[in-house]
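Below you will find one chain, with nothing else, as C-alpha cells; this is the form predicted alone, and questions on how it binds or moves follow later.
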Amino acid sequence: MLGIVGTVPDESFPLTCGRIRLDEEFIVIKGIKVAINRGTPALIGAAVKTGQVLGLTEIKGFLVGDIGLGKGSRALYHDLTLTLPQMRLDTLVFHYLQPDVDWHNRVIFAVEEMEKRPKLIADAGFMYAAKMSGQAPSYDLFTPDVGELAFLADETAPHPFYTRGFILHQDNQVPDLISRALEHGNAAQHLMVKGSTDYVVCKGKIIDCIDQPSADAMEAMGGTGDTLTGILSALVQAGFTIPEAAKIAALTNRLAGVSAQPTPASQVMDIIRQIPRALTHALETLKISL
C-alpha cells in the first residue's frame, strides 16, 4: 500500500488517517472533502489518478490541518510515532510538514519498528527535516525543485532561509548542486530534481534529463511539482524501479501539462484530469508495458 503524509492549509481540518478517493475536484478521506489546488492535496490527487491506470486499489492518507504554525504538524508527527509500527506499507511519502528535527527522528525510529521497511520518499518540509537531521542518505528518493536542491547543497544551512546566496543563485548549475549535496551526505539515494529540465539521479549519477515537451504556462502554475511527485510515488508503488518511475513521471507530467493547454489562470486540477491519457502516451513513447 502507498501511504502519503502531509498537511492541509485549514487549521480546522482534523487529524485524519484513511483511504483516499477522488470526487470531481476534491479528495475525500473519511467522508471529508478537500479541494485539490496545490500542496499535499495536489500530490494525492495526482497519485490517485495515476493509480487508476496502474490498478492501485488503495492509497492511504495521513492528513492534518496546519497553516504554518506547526501545531497540526506536531500532532501528526506524534500520531505517526504511535501508529506506524503496526502498519504495513510498501511506499511512504512525506510531504508538507513543518520541519522539526526531533519529531523527524522519532518518526524514522517508528518506521524502523515496522515489520517491513517501506520505500521512503520525501519532499518539501519533511525533506528539509531529513537533511537537517543528517539522515538524508537513508531515504530512497528526494524530489526537490532547484531552490530546494540549493538548500540540500549548502552543508552549513540549518534551514532554507539560511541558504547562502552564492549557492542559491546557481540556477543554471544543477549538476554542481547535485554533486555538492551528495558530497556532504545531504541527498537521498535517488533524486528527481524538478524544473525546466527534470534530472533523474541515481547514487550520484545523472542518468536522465527530460526537458520536452514543455508548456511555458506550467512554470507560473502552482502545484505542478506536487503532481510530479504524486505520479512518481504511484509508479514506485506499482513496482517500477525509482529511475524508471522518475523518467515516466517526468514525461507524464509534461504531457499532461501540454494536453491541458494551460493559461496563467489554469488550476492544477486541469493537469490532473489529463494524467490517465498522458501516462498511457508516456508508456507507449518509452515502449514500456504494464
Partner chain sequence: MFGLNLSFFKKKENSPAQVPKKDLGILVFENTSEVIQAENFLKSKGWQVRVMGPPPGIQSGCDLVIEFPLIEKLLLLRQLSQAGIPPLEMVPVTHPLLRPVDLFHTKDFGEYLMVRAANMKLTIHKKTRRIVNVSGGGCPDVPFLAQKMVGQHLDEAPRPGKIGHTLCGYALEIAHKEMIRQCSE
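Residue numbers count along the first chain shown, from 1. What you see is a predicted model, and the numbers here were worked out from it, not measured in a lab.
Only in words, not in the display: the form predicted together with its partner chain, which the text now covers.
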*What is the one choice in 255, 221, 59, 236 with a heavy atom within 4.5 Å of its partner chain in the model of the complex?*
221
*Which one of these stretches, 178-186, 110-118, 154-162, 136-144, sits within 4.5 Å of its partner chain in the model of the complex when only heavy atoms are counted?*
154-162
*Is its partner chain close enough to 45, 92 and 274 in the model of the complex that each of the three has a heavy atom within 4.5 Å of it?*
no
_Is residue 54 part of the interface with its partner chain in the model of the complex - any heavy atom within 4.5 Å?_
no
*Would residue 97 sit within 4.5 Å of its partner chain in the model of the complex, counting heavy atoms only?*
yes
_4.5 Å heavy atom contact, residue 124 to its partner chain in the model of the complex_ = yes
*Hey, in the model of the complex, does residue 132 get a heavy atom within 4.5 angstroms of its partner chain?*
yes
*Would you mind checking 254-290 for residues with a heavy atom within 4.5 Å of its partner chain in the model of the complex?*
263, 264, 265, 266, 267
